[in-house]
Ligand SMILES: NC(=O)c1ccc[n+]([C@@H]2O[C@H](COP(=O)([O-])OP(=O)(O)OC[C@H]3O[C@@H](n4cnc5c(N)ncnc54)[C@H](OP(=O)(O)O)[C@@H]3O)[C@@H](O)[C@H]2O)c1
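Taking the form predicted on its own, here's one chain by itself in structure tokens.
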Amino acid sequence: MKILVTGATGNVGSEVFKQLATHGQPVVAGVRDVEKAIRLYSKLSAGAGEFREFDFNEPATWLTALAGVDKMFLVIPPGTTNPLQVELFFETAIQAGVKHLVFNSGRTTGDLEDEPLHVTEGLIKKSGADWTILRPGWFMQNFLNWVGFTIPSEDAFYLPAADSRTAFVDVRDVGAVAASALTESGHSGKIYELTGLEALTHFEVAQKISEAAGRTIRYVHLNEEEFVIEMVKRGWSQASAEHTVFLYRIVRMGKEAAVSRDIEMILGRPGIDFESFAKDHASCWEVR
């Protein structure tokens, strides 16, 4: 059995690849830049990992990446909205011998009609292959880079989240669940909601980061217009800022607040809590 992991240098894909490779599972990292990926994983103490060129938007790379693959972990690149291309990729994968697809969807838009993740879920279900859908909540790791990029320099992060609650999930848990779904029986036809142990406000998140970092970190709520103006000023594209506003509008509606026990059910242990995540990554918030 050989597993293809797409998005193998991204947040979730890298965790899936590492967990499979370190346990000796034959695994292929499908990446756009093979040399970069090899350097990234140069310290990984596993001989099972293989690297192949793969770009979801370049069909010429598909067959080589899929050769000899039985199962696949799939991440759809942001901005991919063409369902015909997604459907063609699934057809190609199944014809190449892939029998089980594990798709990294999302809680925020995974079940919203006409949203790309939901459309892809539908295409997977009718693809003819066995499938497992993961719907992780917002990643704790977002506070290391995406929404937390201002913490080291400003001791603050800025979002249009108001006082809404979110059941954040550690990417390491998502990777572990994906690895289980790819290597163990009993996961076909299942949709898993993946969250941490509690739903936190962003004010509570700031407090937990403060405790780990050893200094006061503030959450600054911005309204939607203020957020777009601020992020564009900081170098984001208008489209990225507006899409983030759309996502947080759903968060404020309470879409991310419910806590799921699926991680514990699958892994036999509770998910990683935010305090543990913050302690493990405290050095990432050092003043720069």
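If you're wondering where the values come from, they're calculated on a predicted model, not measured in any experiment. Numbering starts at 1 and follows the sequence shown.
One more form of this protein should be noted, the form predicted together with the named molecule, which is absent from this view; the next part is about it.
- Query: Gly7, Arg32 and Trp146: each with a heavy atom within 4.5 Å of the named molecule in the model of the complex?
  - Reply: Every listed residue reaches the named molecule in the model of the complex, so yes.
- Using heavy atoms only and a 4.5 Å cut-off, determine which of Gly186, Pro83, Pro77, Gly122 is in contact with the named molecule in the model of the complex. Filtering the options by heavy-atom distance leaves Pro77.
- Message: Please identify the residue among Lys36, Arg249, Arg261, Arg234 with any heavy atom within 4.5 Å of the named molecule in the model of the complex.
- Response: Selected option: Lys36.
- Item | Heavy atom of Gln238 within 4.5 Å of the named molecule in the model of the complex | Outside the cut-off, so no.
- Task: Answer with yes or no whether Gly137 is in contact with the named molecule in the model of the complex, where contact means some heavy atom within 4.5 Å.
- Result: Gly137: contacts the named molecule in the model of the complex.
- Message: Using a 4.5 angstroms cut-off on non-hydrogen atoms, would Asn11 count as touching the named molecule in the model of the complex?
- Response: Result yes; Asn11 sits at the interface with the named molecule in the model of the complex.
- Applying a 4.5 Å heavy atom distance criterion, does Asp55 contact the named molecule in the model of the complex? Flag for Asp55 set to yes.
- Message: Within 4.5 angstroms, counting heavy atoms, which one of the listed stretches 124 to 132, 153 to 161, 199 to 207, 99 to 107 is next to the named molecule in the model of the complex?
- Response: Single hit among the candidates: 99 to 107.
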